[in-house]
Structure formats: structure tokens, C-alpha cells
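Subsequent text provides C-alpha cells for two forms of one protein chain, presented individually as structure 1 and structure 2.
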Structure 1
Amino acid sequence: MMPTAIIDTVGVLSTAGALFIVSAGLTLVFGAMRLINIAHGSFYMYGAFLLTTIAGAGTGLRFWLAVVAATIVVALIGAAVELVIMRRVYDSEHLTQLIATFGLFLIFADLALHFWGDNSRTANPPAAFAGQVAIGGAVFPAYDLVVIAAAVAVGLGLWVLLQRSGLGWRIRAAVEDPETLQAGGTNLPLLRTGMFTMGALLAGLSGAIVAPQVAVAPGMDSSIVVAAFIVAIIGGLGSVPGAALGALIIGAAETIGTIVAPTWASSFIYLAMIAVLVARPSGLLGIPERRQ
């Protein structure tokens, strides 16, 4: 019983960690800009593909350098997308934003097929984390600990940024009252560019980090963006702690579903989302959207 509980717990934390990193970027972008970004999943997929391309069969230092390089490239792609396209739809209706970002989603998917083809790829984890770890009689992949550690580091980094820095104060002000923030002299377009770039960076980082755990292939963009939106909705769009809580709930729901009803496991995450929305439409830690 104890080994099984440890394996399940590590599995939940690993799944939740990957979901948290990508969902944190999504919820930051929506919170600061009220922008629904379907193309967020594309940044995740590009992070994974770039990791496989840059790292190749290398492990050790080359792998970690590939993670950094893939994350930076995706962040630069995000900055370019924001400057050229997204800043023109910030004040549009959500339907317009959805159409624009869905168009980007399709374009990025076609480009991925052109550059990487339709075959799945794999990435080798660093040699130090390529094996198994035994704790209390439980054996699980050592690389799960890397994903969990990355999520903790991202969570702590975002907390310091948002709670202990001037930039974080401006980001939180942009979530609550962007008009007053801009009237006070803050360059709101530049802040939005930074926020969108940060969201893309987190998505790219998540894709690069989980690449050794998944089959890197076309279609992973659509699956992750659905999961990320569910996590963000459960936690509350705009709330980073909410994204962490939502990721844990979804990770637990998937694990419980796999144990209780394997053929219906995918339904459990939707049931969790429905239950939360019925009880609290703005999400567990979300702030209700302002009405004009």
C-alpha cells in the first residue's frame, strides 16, 4: 500500500508540475491583458520540438543548454507575435481574440509539420536522471523529480516577481485596473509585451522540460492547451496560486480516474472543472472579471 501511494503521489506531482508551468503563463497573459490565447499550446509544442532538435542524442550539460536555448527561442517567437499581431486585438471582443489566436495556432501547426514532419520524436533525459529512484519500496522515474523541482522553482520565481518587485506590482495593477496604471505613467504596451513574452517563455519551458517524458509530435499543442485552460479555469484566470491549485486538482483527478475507472479517466478532469464552476464561476482563487 505505501509504495503504491508514493508512486501515485509522485505521479500526481509530476503531472501537476508540468501543467502548472504552462498554465501559469496562460493565466498571467489572461490576467494582465484579458487575452484568450489559443496559440499558447503552440509555444509549448515548439519548446518540446526545439529541445529534441538542439539536444539531439546528447545528455548532461548539452540537455540543460538545450532547455535554456529552446525556452529563449520560444520567448522570442512570443515577443514577435505580440509586437506584430496581438497588440492589435487587445481591445477587441473575446471572439476576435479567439479567431486571431486560433489562426496563429493553425499557422504554427503547419510550420511545425514543415520543419519537423509528422513523426513523433523522443528526447533523452540527463544521464543523472535517466534511471529509477527507489523510496520506501516505491520505484519511479528519476526524471519526475526534475519536473517537480522545475515547477517549484517556477512557482517561487513567480511569487518573488509578483510580490517582491516593482514589476510585479505593475503586473498586479494591470490585472486589477490597467487604465489607472497607464494614467499613472506606466508604459502599458511595453508591459503587455513583457507579459506575453513571459507567458510564451513559460509555455516553451514546460514543453522543453517534459519532452523526455512524452512523445513529441504534432497534436501535442491542442491537447496541452485544453488541459491548460481547464487548470486555469479551475484555479481562476489571472491567479498564479490558482494555477498551482488547479494543476494539483487535475493531476489528482487523472490519477483517481485511472485507478477507479480507467476507460473514463479523461472525463474526471472535466467533472472537476464543472464542479468548481458550479460552486465558484470565477474559479477557486480567481477575481471576477470587471464589468464595463
Structure 2
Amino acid sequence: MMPTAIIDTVGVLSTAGALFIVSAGLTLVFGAMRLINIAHGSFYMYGAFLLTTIAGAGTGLRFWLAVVAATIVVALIGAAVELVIMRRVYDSEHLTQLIATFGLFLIFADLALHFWGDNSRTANPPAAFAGQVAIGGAVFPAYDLVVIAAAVAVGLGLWVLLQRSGLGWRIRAAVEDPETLQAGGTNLPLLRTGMFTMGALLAGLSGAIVAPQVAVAPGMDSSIVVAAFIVAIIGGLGSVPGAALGALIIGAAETIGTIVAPTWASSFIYLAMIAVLVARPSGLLGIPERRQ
């Protein structure tokens, strides 16, 4: 039984790792702007597509450089989207903002067909992590360790950024009291552009990291955005530790669901979401919204 437990644990951690990186971006953008960005899934897909293009068949240094390059390109796309479109709708209804991001989602999906066609693509995992790791009779993909390490690095990096640099309270203030924040000398538009770019960067990074493990193809945008959304909601929208917890819960729920009741496995996830929202409306680690 022991090897199975190890395999499942590593599987849950790598599933959760990839989900965490993409959900952290979604939750950060929500935390800073109260914006639910459906085009977040597009950024993820572009990260994966760009990686396959830039890395080609490379499995050495070129692969790692491609991860960095794909992530940066997606971040730049994110910055451009914020500057050209999103900042024009911050004062609109939230429903309006949601529809703007859905419009972007459709546009990005169509453009991706033009850039990369409709055939599935893949990337090779880096040579150093192409094989398997054997521990205590269990065998699992070495590349899972890359995904888990990236998630841990992103988590630590965000913790330092938000807690140690004072960016965390500025983000909260940007939502709760933007006027005072601006009076205090913070450049609010720059902060917003920065956070939106950061969200796109994380989505792009996640897409680039998972590219060697999946078929990179149209449609991966819509499947990830729903998954990332559920993770962020269960953990608490706006909370980065919540995204980590939510990702672990979803990863574990899928594994347990496939063992206990396969035909109900996907329904479990929504039941969990309903249960969490009813018991703790702002999510497991979310900060309850101030009421008027």
C-alpha cells in the first residue's frame, strides 16, 4: 500500500502545484482590483503555446530559457491589456468588467488559432527531469518535482513580496481606501498595472511549466479558468495562502473522488465549493468583506 500512497501524494502535490501558480495570479488580481479575469485562462494557454514555440525540441538550457521568455512575453501581453483596456473599465460595474474579460477571452482564443493552428503540440521535459524517480518502491515522474519546486518558489516569492515589502497592505488599501492611499504617495494606476501584469505572469508561468506534461491545444484556456476559479473561491478570493490550500484540497478531492465514487468525482468538487461558500462565504482563508 505504501508505494501507492507515495505516488498519490506526489500526484496530488504536482496537480496542486500547477493549480496554485495559476490560481495565485487570479486571486491576486481579484484582491487588488476586485476583478474576475476570465482571460486569465488565455494567459495560461499562451504561456504553454509560447513555450512550445520557443523551446522547440530543446531539452537543455534552451528549455529553461524558454520558460523564462514565455513567462515574460505573457506578462507583457498582460501589461498591454491592462493599459489599453482594463484601466478603462475599473470604474464600471463589475458585471461590465467581467464581460470585458470574456470578450478578451474570445479574442485571444481566435488569435491563438491563427498563431498556432489547431493541432496539438507538445514540449519535451528538460533532459535532467525526463525520467522517473523511485522511492520506497514507488515510481513517479521526475518532472513532478519541477512543478512542485516552482509552486513552492512562487509561494515563497509572493509571501516575501506581499508581507515584507509592504505591497500587501497597499493592495488591500487599493480596494478599501484608494483615495487615502493615493494621498499617501502611492501611484495607484501603476500599482494596478503591476498587479495585473503579475497575474498574467503567474498564469503564463504555470502554462509554460505544465506544457511538457500536456497536449498544448485550443480549449486549454476554458478548462483551466474554471479550475483556477474554484481553487481561488474555496481558499478565499484575494488570499494567496488560500489559493495554496484550495489547490491542495482540489488535488486531494480528485484523487479521493476517483477512488471512492468515480462517476461522482467531478460533482464532489462543486459540492465542496457549495459547502465552503455556505459555511464560510469568504472562503477558507479569505478575509470577510467589510459591510457597508
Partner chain sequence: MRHARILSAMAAASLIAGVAACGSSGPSPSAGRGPVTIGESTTLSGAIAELGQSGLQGVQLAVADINAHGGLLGHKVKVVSADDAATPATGASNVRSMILNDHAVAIFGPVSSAVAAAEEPLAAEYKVPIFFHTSNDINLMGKGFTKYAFQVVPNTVMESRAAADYLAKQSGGKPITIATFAPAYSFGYDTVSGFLTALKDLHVHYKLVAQEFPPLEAPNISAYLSKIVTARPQYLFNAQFGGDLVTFTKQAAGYGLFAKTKVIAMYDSPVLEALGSSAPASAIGFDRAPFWAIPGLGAFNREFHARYGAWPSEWAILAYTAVQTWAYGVKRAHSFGGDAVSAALAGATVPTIRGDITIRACDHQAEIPEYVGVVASKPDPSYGEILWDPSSLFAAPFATIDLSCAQVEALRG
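We call the rigid core the largest set of C-alpha positions that still match within 1.5 Å between the two forms. Every residue number counts along structure 1's sequence, beginning with 1. Being a predicted model, the structure only gives us computed values, none of them experimental.
The form predicted on its own is represented by structure 1; structure 2 is the other form. The two forms, fitted on the rigid core, differ between structure 1 and structure 2 by less than 2 Å at the CA of residue 65. Once both forms are fitted on their rigid core, the CA atom of residue 226 lies less than 2 Å apart between structure 1 and structure 2.
The two forms line up on their rigid core, and residue 264 then has its Cα shifted by 3.0 Å between structure 1 and structure 2.
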